[in-house]
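Here's a solo chain for you in structure tokens, the form predicted alone.
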């Protein structure tokens, strides 16, 4: 990533954080910096600028991990395994961030950081599933065997992502917006955002996506360097 894109990302993130934290929510917005009141969420609706992008990119990262895992099985190129691992690690971090931001929102809206809501529970299960993959990789020394098993695991692991992320939380009664018994705000796609709020929301998605790509690229190169140093030490 060149310096121009890094500068653009820095400015974009600063603006998104500033707007997401400081722009007021009012009943009837009249100015460009005002967001509309969303029933059932109120001032807490601004968490969507941070919570939704991290949750979404966690799913995208797990998808990429599976895609590169499949690529490894087809080509047996360890670079694809490194790309899969890089995506897995960044996705796991984003999944943790999604859980943390969701817990902060739950504290103010539901009274406690954790309520075993279907949405919270489903993400917790995903963390366990993908955390087990790290344990699997650390238990296998031989590169090819580790890459093969990780690739197969990443395929089966991702098959659970659509269910735990998009289906389970919507077919079960819960506290999270978009649950089966939700009669207020509905899923994120049904939020009554005005143009300004939608603009900031999509800017947030864009900035977090660029950030994800940058972090993934850095992590991939770090993994390659680490493996080269490890192999060099083995030879010596």
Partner chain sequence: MEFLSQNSIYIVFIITVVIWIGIFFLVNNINKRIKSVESILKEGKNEE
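Computed from a prediction, not measured in an experiment: that's the story for all the values here. Residue numbers count along the first chain shown, from 1.
Below, we refer to the form predicted together with the partner chain, which is not included among the displayed structures.
J.: Quick one: of 211, 64, 52, 38, which gets a non-hydrogen atom within 4.5 angstroms of the partner chain in the predicted complex?
T.: It is 211.
J.: May I ask whether 125, 137 and 140 each come within 4.5 Å of the partner chain in the predicted complex, counting any non-hydrogen atom?
T.: No residue of the spot touches the partner chain in the predicted complex.
J.: Taking heavy atoms and a 4.5 Å cut-off, does residue 25 contact the partner chain in the predicted complex?
T.: No, residue 25 sits far enough from the partner chain in the predicted complex that none of its heavy atoms falls within 4.5 Å.
J.: Going by heavy atoms, what in 9 to 37 lies within 4.5 angstroms of the partner chain in the predicted complex?
T.: Contacts from 9 to 37: 9, 10, 13, 14, 17, 18, 21, 22.
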